[in-house]
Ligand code: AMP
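As a starting point, one isolated chain is supplied in structure tokens, in the form predicted on its own.
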């Protein structure tokens, strides 16, 4: 695996590979890698001639400065894991390399209602920051496919919208959420959980699974309220539990077998924010 710290060096390397008509899969990350990230690498490896990953903790997508400062960093371990998984190239830039004109101003992306719902509502500015960094990464890498995890369900939708806005030809491949044996969705932020918090954290999956199990016997509002109560009783501070149309995140009035729906949740354990989602019907 070749490590590139300068985006221009990676772009030059990949241009040479493209002349050989090599297909390219890309896995963008913020590091602190876990088995879910490596699943994306494996999927990319299976579907492309070359696999490139990036590790960059993007400051423009954090609306909480403390969250940015506390984001876990395990670079040496990450590099070893990517090399072992068969990654061909790793972009490991600094902020100046990613934002040569500074982070203060940038393009504003028309994300429509995606920017005002759920994560967009509770994390204002977050998705604009995501779009800024992913736009830059797509310009550098120009992949055939970009691999994302379902855990970040709304972010996947945002990146699909971004690709349409900028006219990229990259195909988005969304891979299923990988979970620990007790159901907790794998996340870099899980590294910040102490042992007691780690035991409690499974409650977010359990609350969503209760929604799935009871979807045909209870009304939507009752399902959502019950999940919120369950999380609150466990000590979570809940931002939302919502059942929505999986195609557009619009709220649904009732469970329908003719419409693909997803239950999404976001909640804090102390200052650690966890998200998860489960498809229903």
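Numbering follows the first chain given and starts at 1. Not measured: the values here are computed from a predicted model.
In what follows, reference is made to the form predicted together with ligand AMP, a form of this protein that is not presented.
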Practice task
Report whether the minimum heavy atom distance between residue 255 and ligand AMP in the predicted bound form is within 4.5 Å.
Solution key: no
Exercise for the section: Could you confirm whether residue 71 comes within 4.5 Å of ligand AMP in the predicted bound form, counting heavy atoms only? Expected result: yes
Handout entry: Touches ligand AMP in the predicted bound form: residue 148 (any heavy atom, 4.5 Å)
Key = yes
Handout entry: Non-hydrogen atom contact residue 34 with ligand AMP in the predicted bound form at 4.5 angstroms
Key = yes
Problem - Triplet 214, 226 and 280 all within 4.5 Å of ligand AMP in the predicted bound form via a heavy atom - result: no
Problem - Candidate stretches 80-88, 193-201, 116-124, 176-184, one within 4.5 Å of ligand AMP in the predicted bound form by heavy atom - result: 176-184
Handout entry: Neighbours of ligand AMP in the predicted bound form among 8-35 [non-hydrogen atom within 4.5 angstroms]
Key = 28, 29, 30, 31, 34
